[in-house]
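Presented below, as structure tokens, is a lone chain in the form predicted alone.
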């Protein structure tokens, strides 16, 4: 009954032009609360969680599965709470709940991971990182970390792939009996990085301030506590050299269990280096061929709103979703790497999916934009809290003559279309979903659940 009700709801919602990703699962779970556990019983699951990079990491892992010829499904829509995850399992099962595929690649919200892991009993868990995010929902970073740890403790058979450069994430290894594989970046990523407020300046073990041999971004890097000795662990998969940082890709040298490999990442941005090397760790944990993984990392398609590019007719617009100060600062690092004039767009909402508290924008180093004045031609601001963003940019020293506020997305899209310069759009989640829907209709693009 639960499976049938969910499938009917999906079909009806898709006919209405809706995603049908979360509500059908909610209906099914009302009928059978433990349904996900039944559906996942005979599926080998890879679960991806963490604050930043879940969707892109999932897309890379998907591509590895596809190129390996594996039978799998994934929650590509980004519906990563238990309702959406249940929906995608139902879509890929028979009416009696038997799985149609051998594997599942599941992106999972950090808070939801503790329950989802209990039900699907994953074979591999990837934890990307832990940053401050949506304080009104998650609270402090230690609360997010605790949710993830509970999920991993509910995954007794899983290989756990942890970011060695994140002092919070790496600490999970000391709390679990599972086999652990560490991944990371052994060298600084940026020549002139944005200065940032650390989300984890003090040792999670003894509260003493960390020392660093190098930083990549945020609180990530070669951390070491001079008081208790807690430090970045040895990695099995790590980037040893940044070879090239292009406009649309990055080339790195990676050590994989001591073997040196050159890898092209089919996206720019330092944070995507972490996404790629984390996905490579998952591939190694499953046992896929390394050459297949390298090919997948070089050719995968980005997730919707994650460095996604639209053709506006003679110039391009790239959408880069942000949720927190760390993500915003990495977009600014990406902007600073561009050598051509650009139009920058900020879309700030405070819906529940974005987080009601927008005070985090004052922890973003928007002053970096003022330093890039000769390359930033104009700055467009839109969204529910556009006025707040405009005030923040004014205090950052942005020339007011360059700043334009748009009350609706239709007028914003028209202004972007009239441009001759490339456009970089930095929206929060609900702003991205609304703006992307309109841009897909105007310029062509897949539905978000595809």
Partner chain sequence: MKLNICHLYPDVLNLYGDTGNILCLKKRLEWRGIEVEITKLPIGASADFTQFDLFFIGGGQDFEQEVLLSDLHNGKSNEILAAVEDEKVFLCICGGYQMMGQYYLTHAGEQYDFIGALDMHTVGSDVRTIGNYMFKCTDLSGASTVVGFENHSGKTYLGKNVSPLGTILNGFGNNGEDLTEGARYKNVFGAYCHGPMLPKNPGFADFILQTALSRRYPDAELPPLDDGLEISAHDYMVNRLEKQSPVSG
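Numbering follows the first chain given and starts at 1. In this text, all values refer to a predicted model and were calculated from it rather than measured experimentally.
Absent from the display: the form predicted in complex with the partner chain. The rest refers to it.
- Residue contact check for residue 391: one or more of its heavy atoms lie within 4.5 Å of the partner chain in the predicted complex.
- Using a 4.5 Å cutoff between non-hydrogen atoms, residue 197 counts as a contact of the partner chain in the predicted complex.
- Though the partner is left out of this view, residue 307 does not reach within 4.5 Å of the partner chain in the predicted complex, counting heavy atoms only.
- The closest heavy atom approach of residue 258 to the partner chain in the predicted complex falls outside 4.5 Å.
- Of the candidate stretches 402 to 410, 35 to 43, 22 to 30, 65 to 73, only 402 to 410 contains residues with a heavy atom within 4.5 Å of the partner chain in the predicted complex.
- For the three residues 325, 350 and 356, a heavy atom within 4.5 Å of the partner chain turns up in the predicted complex in every case.
- In terms of contact with the partner chain in the predicted complex, the residue from 241, 371, 377, 363 that brings a heavy atom within 4.5 Å is 363.
- Residue-level contacts in the predicted complex: of 201, 177, 313, 246, one residue has a heavy atom within 4.5 Å of the partner chain, and it is 201.
- For the stretch 362 to 388, the set of residues having any non-hydrogen atom within 4.5 angstroms of the partner chain in the predicted complex comprises 362, 363, 367, 384, 385, 387, 388, in sequence order.
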